[in-house]
Structures are given as structure tokens and as C-alpha cells.
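Given as C-alpha cells, the chain that follows is alone and in the form predicted alone.
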């Protein structure tokens, strides 16, 4: 049957740069984008698992290049972006997914270090990657930026103020850049994942996860990383050309539940 709509829902051939791609939501995003035909530039701190992700994509016929470095390293970010752009001939999509979580009570001795590291990785790295990629995004006819925030950017949990403050900042950065870059047709959105089965949550006992989900999540469960990746995919479609500045909770109803 011939299509009667006009806007494309395909990212086939698009060049997507994804950070934190060796595990969790970043890995799931890489696999999903590869399945949809994107050409992938993947970044992670951990080289070995990143290579395993890349080999899995290549074995399935996908095109992928990798770079292993700390996203808080501004020089490394700039160098990697230029190398990726030269190899692929541009960059169409940036997904700022790399993340950490460092619990720290406000009166703890290591609070300052937790604050600094959290902001380095969770927000400063995002703006630096966007700035480095911006000349290439401006050359794209369907430029998309997706920043991964958190439901912690919409609320708060005790003992996590460095993480919570940084995630609030991600939403602020997203909204501000959506306004700033909107006249150029570059969309900027963010995903706010709720309780997800990832490396950050694997230390939580399963019975505690189940109890939390029963009490707080409308769908009564934790999500799998691919469920978040599909939210990200929707933001980067060429057809998603009028969605910008959105902070989308992918949280199973966590943020809407009062009791």
C-alpha cells in the first residue's frame, strides 16, 4: 500500500552519536538505531564492553565506529567528534546518554567531590558534546539532539542532591537550547527515565525494586532499557520536526501517581 502521509519515520543512513553506549540505555539505543539503519558513532568510558556492542552491531550488518574516553574530558570530546564527522561525512543525531550516580548526603565529607563529578559528567559533558557537534548538526537537514535526564530532574530523592541538581540542569539546558536553536530547525529534547533495570540500579535488591514499583509505579514494574530507547528514537525521527523542548518521562506512570 502506498503511503499517503508525507513525513519520514526512517533514520536509515542517518549518522548518530551516542554516549554511554556500552551498557544499559545507551547500549539499547545503539542496537535500536542500528536496527533502524542508522550509522553509529559510539562512545563509552569502558573500551571492552563498547567493542562487544560494536561487534554485535557489525555482525548484524550495521556500520559503527567507537571511541573510549571519559566524556568529562573536553579535549577528547572535541577530537572524537571531529574524527567521527570526518569518517562518516557529518553528524545528524546526538544522544547525550552517559551517566553516573553518586549518593552523597549534604554533610558528608565527600560531598564536594560527588557534586563536581556529577556535574562534570551529567551536564558539562552534555553541553560540550553539543557545542562540538553543532557545526555538523547545522549542516544536517534533520538535526536532532536528545539529552538523557531523569525523573530526578522532575522531583527529588534524599541523599542524591548532586545527581538531582544535575538532572534538573539537563532539563534546563534542553529547554534553553530548544529555543536558541529552533530557528535553525535543530530540535532539542530530553528523556526522563524512571525506574529502569540498568547498571545504576542492579545493586538494589529485587524485592526492594518490586516493592517500590508496587507502591510508586502505575505499571507496577521496572522498565527494560529498550523501552526507554524507543522514546529516544521517536525524538530523532525526521517526522518529529515540530517536537522540541520536551522533557518526556518514560517512567511507567511514576510522576503522575499521587498515592
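All of these numbers come straight from a predicted model, not from anything done at the bench. Numbering follows the first chain given and starts at 1.
Below, we refer to the form predicted together with a small molecule, which is not included among the displayed structures.
Asks: Closest heavy atom of residue 200 to the small molecule in the predicted bound form, within 4.5 Å or not?
Replies: Contact with the small molecule, yes.
Asks: Any of the heavy atoms of residue 16 lying within 4.5 Å of the small molecule in the predicted bound form?
Replies: Because no heavy atom of residue 16 falls inside 4.5 Å of the small molecule in the predicted bound form, the answer is no.
Asks: With the cut-off set at 4.5 Å between non-hydrogen atoms, does residue 45 touch the small molecule in the predicted bound form?
Replies: Heavy-atom contact with the small molecule at 4.5 Å: present for residue 45.
Asks: How about residue 144: is it within 4.5 Å of the small molecule in the predicted bound form, going by heavy atoms?
Replies: Residue-level check for residue 144: no, no contact with the small molecule.
Asks: Each of 24, 71 and 98 near the small molecule in the predicted bound form, meaning some heavy atom within 4.5 Å?
Replies: Affirmative, all three are within 4.5 Å.
Asks: So which of 132-140, 80-88, 180-188, 116-124 is the stretch with heavy atoms within 4.5 Å of the small molecule in the predicted bound form?
Replies: That would be stretch 116-124.
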